[in-house]
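One chain is shown next in structure tokens, namely the form predicted alone.
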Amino acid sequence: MIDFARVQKELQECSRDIEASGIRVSPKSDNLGCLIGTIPGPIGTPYEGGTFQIDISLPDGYPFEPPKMQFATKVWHPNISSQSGAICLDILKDQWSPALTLKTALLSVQALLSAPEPDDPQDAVVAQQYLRDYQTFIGTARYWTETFAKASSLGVEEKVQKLAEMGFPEALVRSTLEAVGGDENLALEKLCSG
């Protein structure tokens, strides 16, 4: 049985420290077994400036079993699957200890972004590129960060124009963008589902 009192305490600890660490954990729904973690890309890496979301599901044995974590945000990294977001990290497997928390696990994932281990890859293609053509790896990782981990830098008017060009009425586009906090992709989903 998941120790929900501990999970609540961990969530409170994360939100207290959010300004310093930038790490956020929140429930996906009413079920505390399914969470979403957010980590900022480490400074001085191709992931800098990105915000990465990580799906977290807690097994029944938590905290005696490790949380299951995988990137929801696409990321180009030797130890993270570019397809599924699966993470190759020892503390999420056999090196887990109940003394660790969701926050320390997310800090370790963030540290992994800073220090890839291409000799123990999750994604062999990325690891080969990292080892054989480092500059291309850096460029690709930076491009993926720009594409998948950064909030759209388009201004509101550009977003309105883009969506209106798809045939949606301008007034509806504006109100929908407002309702979803300016997220162009969410707005498009909402507009398409009517």
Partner chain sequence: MDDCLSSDEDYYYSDRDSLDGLENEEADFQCAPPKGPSTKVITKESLLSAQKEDLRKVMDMLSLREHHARTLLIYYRWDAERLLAVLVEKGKACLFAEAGVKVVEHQDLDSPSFPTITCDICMEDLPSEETTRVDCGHCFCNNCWTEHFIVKINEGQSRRIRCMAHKCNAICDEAVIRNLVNKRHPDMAEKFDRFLLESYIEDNKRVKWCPSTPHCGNAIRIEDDEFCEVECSCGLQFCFSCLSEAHSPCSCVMWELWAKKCRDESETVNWITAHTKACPKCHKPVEKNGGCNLVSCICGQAFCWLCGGATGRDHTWSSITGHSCGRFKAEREKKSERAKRDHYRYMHYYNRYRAHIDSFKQESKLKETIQERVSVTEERDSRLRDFSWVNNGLSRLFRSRRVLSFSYPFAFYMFGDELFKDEMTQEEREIKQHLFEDQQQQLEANVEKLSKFLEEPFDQYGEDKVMEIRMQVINLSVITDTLCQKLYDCIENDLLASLQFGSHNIAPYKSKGIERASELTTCWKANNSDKYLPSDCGASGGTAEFDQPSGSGSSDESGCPLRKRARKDGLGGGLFDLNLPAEVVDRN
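All values reported here derive from a predicted model rather than from experimental measurement. Positions refer to the first chain, counted from 1.
Below: the form predicted in complex with the partner chain, not depicted.
The listed set L112, C88, I91, A72 contains one residue whose heavy atoms approach the partner chain in the predicted complex to within 4.5 Å, identified as I91.
For the chain shown alone, K9 is a contact residue for the partner chain in the predicted complex, at least one non-hydrogen atom being within 4.5 angstroms. Taking non-hydrogen atoms only, S81 never approaches the partner chain to within 4.5 angstroms in the predicted complex. Looking at F64, you'd find a heavy atom of it within 4.5 angstroms of the partner chain in the predicted complex.
The partner chain is not shown here, but in the predicted complex it comes within 4.5 Å of a heavy atom of T101. With the partner omitted here, the stretch from 157-165, 132-140, 64-72, 24-32 that lies within 4.5 Å of the partner chain by heavy atoms in the predicted complex is 64-72.
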